[in-house]
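Coming up is one lone chain in structure tokens, specifically the form predicted on its own.
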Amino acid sequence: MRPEEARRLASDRLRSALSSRYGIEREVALTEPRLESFGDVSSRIALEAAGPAGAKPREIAEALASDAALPEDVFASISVEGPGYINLSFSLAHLCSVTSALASEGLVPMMVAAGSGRTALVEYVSSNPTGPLNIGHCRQAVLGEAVAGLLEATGWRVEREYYFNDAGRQSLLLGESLAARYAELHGDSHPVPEGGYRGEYLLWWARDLAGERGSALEWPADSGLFVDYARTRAMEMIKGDLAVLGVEFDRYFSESSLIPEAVGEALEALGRIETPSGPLIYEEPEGSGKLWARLTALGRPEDRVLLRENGVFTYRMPDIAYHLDKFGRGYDLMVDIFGSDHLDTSKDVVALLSALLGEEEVSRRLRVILHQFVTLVRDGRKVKMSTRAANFVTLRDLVEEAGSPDVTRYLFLTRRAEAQMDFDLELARRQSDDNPVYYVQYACARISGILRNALAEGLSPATGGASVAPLLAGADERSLMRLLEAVPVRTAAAAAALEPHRLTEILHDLAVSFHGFYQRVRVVDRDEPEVSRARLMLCSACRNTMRDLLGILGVEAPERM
């Protein structure tokens, strides 16, 4: 029986007992107790039902424990602790059965495929094509890849998309910044525009452009050429940076493809909506052509301009059109991953989409993840960065300094997206137990070595679950199997919450538990070959589980280190 099924069985039996004895219909949630001595799963349903039942929680808990009639081949015991907590312990046979399946099949087949038959679109990075990706984009790329990997592991058919803003003011600033560097090459004076870009890469592009087109280009007469050339080179650079991290997208979606038709249609649709405060779209000053969205009528703190007097759309308007395009493609789930500086924009866009499509439809199909900023720590000091001043660490530089894409990916995922983090380069380069990814990868390599050496001695892992249960009855074996049994459930919960940092927590728990197990237990004992084979099965289950978790995160599980 798969771990999720075992929990559902216990939940259903307790729910049925609650209904039969007290006439209360309520879902029974099971959680992992803080201490192993409290069992493998626990429920506080008796405390929750005390009021409606008109009885003491402990009395209810004892009645439910007596009535549940749980199968002994799955549950070894059910007990009541404290004021009314119901604690359940899995049988050794169940734990060994799950361990055997993990050893032979790996993690993914043991999880419920919640997304089977459904499609998801994950949009991430989506940086303006104005230069190389920086450390913040790196965190977003890692987060997006991990979210996509989690969804795929739970059965979703996932597409990855990069939306690039190639039609706004930033593209013009980039083009003029390139023109300034181009003029500089030929002894002319054209200052970098206010708010423009000063990166050294623009000088490289200017030299290449001069080599292709000569020295006769001028701004603004050739503005279109400068903008197009800079935009093309920026996207080439961005794709190259992503390749260093091992990130590939299924689609690059251009903002310019939405203008003017799709954006105009979206604005017209918004213009047909009436709110209690008046039309959703209004003009102010009257006759100016400047159009506002009455977002205050939708619960937002202030109204926003969608169309300026000069006929140029603000960035919220193409975002709305883009999301309407995504909704129109029929995905069951769409995930947006942005930096925290997009908080207000994303909430405004969601509010306007809800006005167009209905709040229920938008909340059901669209999820927004906002990640906090990253501070780079080098030699114990925080590095100050500014993108426009060209004083920043690129994604490419970060991966190189950290030592590998694996280290970069893993360290970014040790913190939840909503938490600000320091990326410590010294820690990233350290090959010791202090480095979280090294600690986990070393556990994988150690287990692979154990299995390799055992095979050389003619010992292979046992097969079958319940049959080897008596050979794995020790406290150390049970503790590790208990942890392994919960991994499919914990991973599925991480996928449902779109929180890949939970996987690094699971991996840390597994690595700590296995290293402790290995120090206390003699895995291979020539005098007890059957016990050795059973313990090798446990080792194999641990290795496969860690390998698959790392695979979801896009990190290698080495066999040698």
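All residue numbers refer to positions in the sequence shown, first residue = 1. By rigid core we mean the largest C-alpha set that fits within 1.5 Å across both forms. Remember, it's a predicted structure, so these values are computed and weren't measured experimentally.
A second form of this protein, the form predicted together with the RNA, is not displayed here; the remarks below concern that form.
Note on the interface: of 169-177, 112-120, 89-97, 184-192, the segment with non-hydrogen atoms within 4.5 angstroms of the RNA in the model of the complex is 169-177. Not one of E5, D228 and R378 is positioned with any heavy atom within 4.5 Å of the RNA in the model of the complex. A heavy atom within 4.5 Å of the RNA in the model of the complex is found for exactly one of A456, A243, A475, L343: L343. Residue in contact with the RNA in the model of the complex (any heavy atom within 4.5 Å), chosen from T296, S363, Q420, T463: Q420. Residue contact check for P33: one or more of its heavy atoms lie within 4.5 Å of the RNA in the model of the complex. Contact check for E559: a heavy atom falls within 4.5 Å of the RNA in the model of the complex. Proximity of R526 to the RNA in the model of the complex: non-hydrogen atoms within 4.5 Å are absent; the residue sits far from the partner. Although the partner is absent here, N165 sits close enough that one of its heavy atoms falls within 4.5 Å of the RNA in the model of the complex. Taking a 4.5 Å heavy atom cutoff to the RNA in the model of the complex, the contacting residues in 401-419 are T414, R415, R416, E418, A419. With the core held fixed, S363 shows a CA shift below 2 Å between this form and the one not shown.
A469 shows a C-alpha shift below 2 Å between this form and the one not shown [criterion: core-superposed Cα displacement of 2 Å]. In this overlay on the rigid core, G289 has a C-alpha that sits 2 Å or more away from its partner position between this form and the one not shown.
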